[in-house]
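Next up: the same protein chain in two forms, each one alone, written as structure tokens (structure 1, then structure 2).
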Structure 1
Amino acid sequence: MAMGVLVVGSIGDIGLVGLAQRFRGQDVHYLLTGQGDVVQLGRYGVSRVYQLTTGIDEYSFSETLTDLVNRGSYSIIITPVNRFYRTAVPMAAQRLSAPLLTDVIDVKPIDNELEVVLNSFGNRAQVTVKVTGRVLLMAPPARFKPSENPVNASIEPLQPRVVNVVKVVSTEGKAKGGVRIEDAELIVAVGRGFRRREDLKLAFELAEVLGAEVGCSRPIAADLKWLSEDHWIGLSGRRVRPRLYIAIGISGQPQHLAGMMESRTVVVINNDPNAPFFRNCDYGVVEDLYSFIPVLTRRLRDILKR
């Protein structure tokens, strides 16, 4: 199978090169959007960089990408995940008559075929797919770590093909605090173990270090009104299924559990060793949240360098 690998993204998406490196012996090229240090790409074995410095819309991007893929005969195209790419890349894939696999975990080229492992079925199963021919892969860059393999990267400015069909009338910044907790990957949830509204800042700091959303039990949203209702998790609140759910000062009543049971990993922090939540957790810590959370936050800040 003749392969050339094209990675698409900004310089921050460099993690995807880690996925590209699993296609051993293939040239890795990079469609770099915006500014970025080309030398850094070369360090990880990217031999050619196409640089697109003008911001264009999804439609134009899909046309530009299609042209580039056809020109370079790439058979593996790897892109990051966000709403821009989720719009542009499928259009390109359709023009290329190629499959697009999302939420990719791993790839394994076997002879003429490619085996791709991905999260699917609403994050409830790992699916293995076999592909022959050209394929587009979408994955979060942070999932991979490229290894060093320095080469000299050549650079070529890319002229976009601009098509104006959708006109942007206006753009407003989003009001902060409007969470969509149902889609959150990481959640720090707070309960009545917090004694005062101001103390919630402990949880917000932890969430910030983790890049998590803050959720809460019903009393926090409905009775005390410390947080708005879109944070409320449970039977009568939102149903969430993050990869990591950290419950702090929540006792774990059935109505709360009903909303978070499907979380992948559940961490419970509570000073009452008999709290029912401990019977429904992966990791529990019996400790006073006021002394524990600041320590945990500091520790995480150290190792995550945030």
Structure 2
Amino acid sequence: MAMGVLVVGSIGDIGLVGLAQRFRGQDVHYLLTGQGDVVQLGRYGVSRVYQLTTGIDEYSFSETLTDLVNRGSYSIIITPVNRFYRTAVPMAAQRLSAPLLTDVIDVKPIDNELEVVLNSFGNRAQVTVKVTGRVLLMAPPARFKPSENPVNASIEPLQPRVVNVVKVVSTEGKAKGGVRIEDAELIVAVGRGFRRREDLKLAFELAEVLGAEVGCSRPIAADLKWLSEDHWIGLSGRRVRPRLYIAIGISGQPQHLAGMMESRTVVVINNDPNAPFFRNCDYGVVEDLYSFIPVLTRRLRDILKR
């Protein structure tokens, strides 16, 4: 299928070029948001870079992307998966009358069709769909690694199309102590196994000993409001990939697993031996968290003091 490929993202999303390279024989162009080394993009075969250095909201970005796609007659548009793009890209897809596929892990062009493999059902299954014509793909940049194919990349500053759909009436900085759970190397996650909000101190004490961040399942943030949504890990929350993930009192429903399946080592602590999480962990402890966590915290504190 004839096409032009446009990758969208910051310089940190360069992994998406690896996905674009699956479309062999096609020019790869890049809509670069923010500052970045254009030479680095050229090293991976990106022949043209549109640079958008002005920060804009999701509505204006969707209009800017739509205009660029139409101007360049791009058939394949690849963007990262994050909250900003989850808002902006669907609006662009609607304006372009094109399908949008998310959580893409592989593509295979076949004649005039494109086979796309998606993670689905909370990363517990893979779905293959076939599409024709223009399509927008959202994929995790870290999953792909571009190969070197040096070219001289041209650069074109891109003027955003500002749309006054939303008026910002005030801006407040995040409170001190706010977390960025996506960057955490160690995470202690809490769930409905905790009976009271005050009991979360057990998890915070363990996290302090380990130097970890505290995350949570959906009910803790969305329903009970015991923690802010900054801590929420799952399909509708944050996606994390720490070296160590300790889940305390979390049953392990697919919606939560979707947010942490890329964790390197997973430890589950739950008093229910039939909890689904035990089928998706490296180490499991069947024990009451109120008895086990204080002992674990003390032992770790003693060990780490040596």
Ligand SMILES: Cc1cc2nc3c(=O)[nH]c(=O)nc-3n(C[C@H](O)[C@H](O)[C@H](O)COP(=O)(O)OP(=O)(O)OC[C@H]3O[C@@H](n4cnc5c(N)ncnc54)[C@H](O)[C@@H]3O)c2cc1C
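Remember, predicted model here, so these are calculated numbers, not experimental data. Just so we're on the same page, residue numbers count up from 1 along structure 1's sequence. What we label the rigid core is the largest C-alpha set whose atoms superpose within 1.5 Å from one form to the other.
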Report the structure number, 1 or 2, for the form predicted together with the named molecule.
1
When you overlay the rigid core, is the Cα of residue 34 off by 2 Å or more between the two structures?
no
Superposing on the rigid core, is the Cα displacement of residue 11 between the two structures 2 Å or more?
no
Rigid core fitted, then: does residue 297 show a CA shift of 2 angstroms or greater between the two structures?
yes
Any chance you could measure the C-alpha shift of residue 271 between the two structures with the core superposed, in Å?
18.3
